[in-house]
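First, one chain by itself: the form predicted alone, in structure tokens.
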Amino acid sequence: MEANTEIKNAKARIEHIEDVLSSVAAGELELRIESDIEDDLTGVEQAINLLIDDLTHELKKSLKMKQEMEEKLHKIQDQQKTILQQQEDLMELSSPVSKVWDNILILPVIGTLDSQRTQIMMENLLQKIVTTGCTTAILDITGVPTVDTQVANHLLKTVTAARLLGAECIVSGISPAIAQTIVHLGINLSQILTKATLQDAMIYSMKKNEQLVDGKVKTNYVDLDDN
């Protein structure tokens, strides 16, 4: 008996296969080839459905991995933003500018200076000069172990900018090591008023503001002797 190889509704079924494949390619992953007829084309239809199942599974797996990677990336970016913000906050806290007397500001600096920290110091000091109207600012670097050319240039710019705002900037506490470094680097600090110690800078500033009488500072808190 000769086998029946006749395929029923071949044209319509092939068109249906093409439509399903086109829709799947466009993203409609739930579509499948449906047919109630069993003949030689049925195996092809089933094989195509299995192929679509495999592709759909792999695509969903890939999308899930992509989503997880994006979530991890966003988490890392958020952590980096938090770290950067914390670093900026620490920079701000490590460069406090305080009004310690009538018309006198002080910026004590402790630790290693770099260009970024020096820039923040300059911005904080200049902003404080503007908001308080003080005309004397003391930049005390007693706690700074060393400086380089960039930091020294930033200090020069800070003093110049303060002068432009109508304030005199005094640098105190230059250590012998920093002094030797400045000389070795050939940096000219002749335009900067310097004092050996913070106390010297304070006494000079208060004398300038006519607050020092008979060698003592009159205050409601303490008396500083002019030794």
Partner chain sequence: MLEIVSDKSWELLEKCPILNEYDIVKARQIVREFAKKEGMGIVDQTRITTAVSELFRNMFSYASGGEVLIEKGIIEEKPTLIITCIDKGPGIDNIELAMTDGYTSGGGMGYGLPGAKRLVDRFEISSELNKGTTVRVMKWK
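Positions refer to the first chain, counted from 1. Note that the structure is predicted; figures quoted are calculated from it, not measured.
Omitted from view is the form predicted in complex with its partner chain, to which the following refers.
Exactly one of the stretches 121 to 129, 100 to 108, 139 to 147, 70 to 78 approaches its partner chain in the model of the complex with heavy atoms within 4.5 Å, and it is 139 to 147.
Candidate site formed by 114, 156 and 180: every one of these residues places a non-hydrogen atom within 4.5 angstroms of its partner chain in the model of the complex. A heavy atom within 4.5 Å of its partner chain in the model of the complex is found for one listed residue only; from 193, 161, 187, 31, this is 187.
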